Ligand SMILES: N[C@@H](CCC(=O)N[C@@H](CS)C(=O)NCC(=O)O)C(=O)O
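Form predicted on its own, single chain, as structure tokens, below.
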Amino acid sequence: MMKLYGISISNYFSVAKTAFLEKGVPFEEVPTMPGDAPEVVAASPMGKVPYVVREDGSTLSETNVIFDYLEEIQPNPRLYPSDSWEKAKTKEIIRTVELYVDAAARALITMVYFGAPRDEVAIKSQRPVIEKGLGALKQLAVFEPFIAGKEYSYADIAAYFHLQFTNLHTTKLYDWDIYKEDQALAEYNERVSIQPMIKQVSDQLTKDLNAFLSKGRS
């Protein structure tokens, strides 16, 4: 059985875990913090989670690569469109939400997750970066009814968790709920939030994150 390494409060780990569950591929969850520990870097060269270890000890990191591997070993249920162009457009949405939405919010993570003092310069400079990323994502999104089209896909898994991560930052630092100002995005979030596997993983993430943040405040 493959092992999936990471921590439940990580949106990226939650994305990979949801993909495994949607595909019905058996896995063992191994709680692991990202960082420079030799055993982590040996499996994930950038020290990031999630990463996967097979029974033979070989490793795989990066959620997009994990998506592709799962799609190869377990074609059904299909989570990429069969059409080559639509598949590429789905991947375009995934990369956009990662690189320009999640990453923009992630620059502020120490203030939200780890109790660092407010850095007003960083907060002010990062908001337009987040706004631009959200604008790019909404330009690509089709919401018919899913983010890449008629079929539920890896793009929905990635978008759901990365947008939740972003909204945690915007609400805390800007008093800005990204869903309240965009009805289409809010309705999309509601549709995707009730997908059984997304709900299961999201409920666990929320529970564990609240405990983590409460511990940091105590």
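These numbers were taken from a predicted model, which means no experiment stands behind them. Residue indices: 1-based, along the sequence shown.
What follows is about the form predicted in complex with the ligand, which we do not show.
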* Identify, from the list L70, A43, I178, V49, the residue with a heavy atom within 4.5 Å of the ligand in the predicted bound form. => V49
* Among the candidates E29, D182, E62, E151, the residue which, in the predicted bound form, approaches the ligand to within 4.5 Å (heavy atoms) -> E62
* Is there a heavy atom of Y12 no more than 4.5 Å from a heavy atom of the ligand in the predicted bound form? -> yes
* Using the partner position in the predicted bound form, report whether R106 sits within 4.5 Å of the ligand, counting heavy atoms only. => yes
* Interface stretch in the predicted bound form with the ligand - options 184-192, 169-177, 151-159, 49-57, non-hydrogen atom within 4.5 Å -> 49-57
